[in-house]
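Next up: a single chain in structure tokens, the form predicted on its own.
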């Protein structure tokens, strides 16, 4: 099926720049968000049409991108309402869930959509708002090879590294595991810096050593100086979302009946930090919470 129209549902902080990159690539986009005026800059990019509902955005679209908060929202949109989104799609349409969804829900949605003659990919992203803006997101994709091939040009307009990691749900599984590994690194770095400072070592020097040694990770490279030691704590990714991602990873690992002691500890720390900090705190504020303790 030729790609004539992409629907983009969820024009939030990530969705707007992602949709903008589709438009810049010459792909027509019909967008919808519960906030009726979300992403006003999209109106200036030519082939953007704002829909009054998700169903209106999806009708006539060959590919439907979902960029929503979690599986509960995705599932409700697909299967609830009159009509539900799944019932309103044209035969052969491809649903691409780029949200941070639960991998088991994604596997179930793929099967249910297939029964309706519809395709499904789970294609969550990593990289945050900055990389959404410059089109360099990492995108991990689960689903059938034919669907992946069909969606590749669209994904390439939004991301730099696109990896087909397996069957339906695999993309969301890898995303959750990646975010768990990232969160565990942030927690470890926060505890290490605070301990070094208590001993009288300048944390800036400690982080310099980390970045020249085996302790280097995403937090030491991009977050410590910019958002943690500066006291800004404003990287743009909420602690509540980090905790949610670690919860998804913990549920997945536990469901696979593989060792889960460390992920449970990471989840406990993330939960305690979220409860101990102000509502809406940035995930880098884990460092502030450790210092307070």
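Positions refer to the first chain, counted from 1. It should be emphasised that the depicted structure is a prediction, and the values quoted were computed from it without experimental measurement.
The form predicted together with a small molecule exists for this protein as well; it is not shown, and the discussion that follows is about that form.
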- [ ] Using heavy atoms only and a 4.5 Å cut-off, decide whether all three of 104, 165 and 167 touch the small molecule in the predicted complex.
- [x] no
- [ ] Consider the chain as shown here, without its partner, and state which of 181, 88, 196, 129 has a heavy atom within 4.5 Å of the small molecule in the predicted complex.
- [x] 129
TODO: State the residue from 256, 268, 52, 34 whose non-hydrogen atoms include one within 4.5 Å of the small molecule in the predicted complex.
DONE: 34
Open item on the list: If we define contact as a non-hydrogen atom of the residue within 4.5 angstroms of the partner, is residue 59 a contact of the small molecule in the predicted complex?
Closed with: no
Open item on the list: Under a 4.5 Å heavy atom criterion, is residue 9 part of the interface with the small molecule in the predicted complex?
Closed with: yes
Task: Touches the small molecule in the predicted complex: residue 241 (any heavy atom, 4.5 Å) - done: yes
Open item on the list: Would you classify residue 109 as touching the small molecule in the predicted complex, given a 4.5 Å non-hydrogen atom cut-off?
Closed with: no
Task: Residue stretch of 203-211, 187-195, 70-78, 155-163 approaching the small molecule in the predicted complex, non-hydrogen atom distance within 4.5 Å - done: 70-78
